[in-house]
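One chain follows as structure tokens, the form predicted alone.
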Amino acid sequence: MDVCGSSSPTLREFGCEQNLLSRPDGSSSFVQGDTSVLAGVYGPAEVKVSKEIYDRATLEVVVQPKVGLPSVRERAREQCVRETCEASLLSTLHPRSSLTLVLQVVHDDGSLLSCFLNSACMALMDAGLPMSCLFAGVTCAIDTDGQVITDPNAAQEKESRALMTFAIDSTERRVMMSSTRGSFTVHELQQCIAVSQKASDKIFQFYRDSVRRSQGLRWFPRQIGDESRDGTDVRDDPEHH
């Protein structure tokens, strides 16, 4: 986490492991600092008649807290993740079927919703589901002095006067979903969006590096993003041919 000025935003360390669960069709473990989430994707599978949609797949998102039963807070986070996934997935390719995404909190030390989004994206990739783009979750907090803090921990969240989480797409860096709480001005909102779009570049690069390591790939599929760190197409590298 870092207090952002004009420089590039700093995020906590990331960690990710895909395909670590045997029963789901896709799974991932995502870590942001001390915040950790497990994600499992099931489907496409047969859907109940009552939930069937004739022209696309039905997506259900389930958030499981670390202890106890899900509350209203978990239901709100489920809706945020579901709306983001539905905007990214090409669900019309699997009509009259069911997709289920289960998110399990392992540890919450702040920026939990963004960790949910990042873990969900990696799990969907691991399941091999068709997507129009990837998405990255970035959380920003505004402290009492008006400073923007990216990827805040739990203590920083508690002391902030506003908290915002954005889902950013990988193609045009547009905001796919936003979740806010607290008081803030329009200028502060725009500032947080700009910071999140910058921070998402680091997350998408982490996605690429993580998949390359786990799959042994020399390049990353174009629909997901294929620019190297210096902005060139890695498939134009002579070593690739």
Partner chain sequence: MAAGFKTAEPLEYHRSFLKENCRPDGRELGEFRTTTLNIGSISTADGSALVKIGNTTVMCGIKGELANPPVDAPNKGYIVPNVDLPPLCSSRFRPGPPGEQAQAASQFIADVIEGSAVIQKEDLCIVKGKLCWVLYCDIMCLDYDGNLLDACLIALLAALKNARLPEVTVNKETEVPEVNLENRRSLNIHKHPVGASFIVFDDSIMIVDPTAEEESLSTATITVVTDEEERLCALHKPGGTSLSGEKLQDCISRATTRHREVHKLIDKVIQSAKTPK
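The shown structure was predicted, so the numbers you read here are calculated from the model rather than taken from an experiment. Positions refer to the first chain, counted from 1.
The same protein has a further form, the form predicted together with its partner chain, not shown here; the description that follows concerns it.
- Query: Applying a 4.5 Å heavy atom distance criterion, does R181 contact its partner chain in the predicted complex?
  - Reply: Yes.
- Any non-hydrogen atom of V72 within 4.5 angstroms of its partner chain in the predicted complex: Yes, contact at 4.5 Å.
- Query: With the partner left out of view, is E83 within 4.5 angstroms of its partner chain in the predicted complex by any non-hydrogen atom?
  - Reply: Yes, E83 lies within 4.5 Å of its partner chain in the predicted complex.
- Task: Classify R161 as contacting or not contacting its partner chain in the predicted complex by the rule of any non-hydrogen atom within 4.5 angstroms, answering yes or no.
- Result: Yes, R161 sits close enough to its partner chain in the predicted complex that at least one of its heavy atoms falls within 4.5 Å.
- Taking 4.5 Å between heavy atoms as the contact cutoff, choose which of L38, V211, I193, V47 touches its partner chain in the predicted complex. Selected option: I193.
- Can you pick the one in A76, A154, V106, L90 that has a heavy atom within 4.5 Å of its partner chain in the predicted complex? It is A76 that has a heavy atom within 4.5 Å of the partner.
- Could you tell me which stretch in 183 to 191, 39 to 47, 22 to 30, 201 to 209 has residues with non-hydrogen atoms within 4.5 Å of its partner chain in the predicted complex? Looking at the partner contacts, the answer comes out as 183 to 191.
- Residues of 157 to 178 having any heavy atom within 4.5 Å of its partner chain in the predicted complex, listed in sequence order: Stretch hits, in order: R161, D169, R174, V175, M176, M177, S178.
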